[in-house]
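Take a look at this single chain in structure tokens; it is the form predicted alone.
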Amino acid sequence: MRELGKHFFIAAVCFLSACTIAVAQNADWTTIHNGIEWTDTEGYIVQAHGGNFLQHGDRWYLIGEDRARSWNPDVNLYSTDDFVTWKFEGKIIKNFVTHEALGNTRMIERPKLMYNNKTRKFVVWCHWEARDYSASEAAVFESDSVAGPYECVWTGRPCDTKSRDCNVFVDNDGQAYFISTTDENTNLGLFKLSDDYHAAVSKTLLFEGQRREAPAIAHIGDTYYMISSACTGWDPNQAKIATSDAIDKNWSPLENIGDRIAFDTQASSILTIKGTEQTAYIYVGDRWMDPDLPRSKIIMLPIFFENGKMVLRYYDSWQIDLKRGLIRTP
């Protein structure tokens, strides 16, 4: 009887172990670590600051500033399928090569990547600036392939408006927008783009006189959400959020989100991960000057909704099941 009980116990343990392994295999949890340096598959530090993500096919692409030399950054592109393993795809916009002014009288900040379903082109909008920030312009680059080569199709002030810190947003219907800090960092300008994403065709002023920058927009359900920061250079500040039922009007008053220094970040983008069970939303921010400009960190935090409001909390590490769109935190 004792021997039979022992065999039963061993069988039970084996059964439970098999179940545990099966659950682990079906879960496919990826752990996101914050506050560490990301490295690519060749062991180099990922240089993609002030950028954004684009999902195309089965892969995600990360575009951003290469700050290895601090100033006059090239624009790098990386790809991943798990947000942990990063493949360097190349310098898609390069000083002295892509445009004659780039690296001489102009530099790029906050490059943002979009895919145009109508033209089947990849389009980059960015802040196109002089060394003393007197230009206050934007630039547009385009390519048939996500990895380039990219060609410059336009530079200047959108709708004749001084433009600096910027982002892009493609709505559910494919309509694209460029949004930037305008008028000497006084207002936010929302610029509706042409069908080919080459030009700004109209402008709407938002949050006039409130000196907001680094705007990041998401359209969730019937509501638009915008996270932005105050204009304090490399120093972090209190991030604020506003909501609206229309992208160009009816924005609510700004409210605090996160802690008083946005967990030492500045908003870069809001990621939407559509899973088989749920849709997950992720805040992506730049942790500038940690410990210096070339080694500034990229921070990813899960977004939650509580009592109808978007909520951000900081985690050194957390997990996501990309296939199912599920998030779990410590």
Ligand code: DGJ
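For every residue, the number given is its place in the sequence shown, counted from 1. Since this is a predicted model, take the numbers as computed values, not measurements.
What comes next is about the form predicted in complex with the named molecule, which is not displayed.
- The named molecule in the model of the complex comes within 4.5 Å of no heavy atom belonging to residue 96.
- Although the partner is absent here, residue 74 lies well away from the named molecule in the model of the complex, with no heavy atom inside 4.5 Å.
- The named molecule in the model of the complex is not approached by residue 60, whose heavy atoms all lie more than 4.5 angstroms from it.
- By the criterion of a heavy atom within 4.5 Å, residue 110 is counted among the residues contacting the named molecule in the model of the complex.
- Only one of 255 to 263, 228 to 236, 114 to 122, 201 to 209 lies within 4.5 Å of the named molecule in the model of the complex by heavy atoms, and it is 228 to 236.
- For the three residues 133, 165 and 213, a heavy atom within 4.5 Å of the named molecule turns up in the model of the complex in every case.
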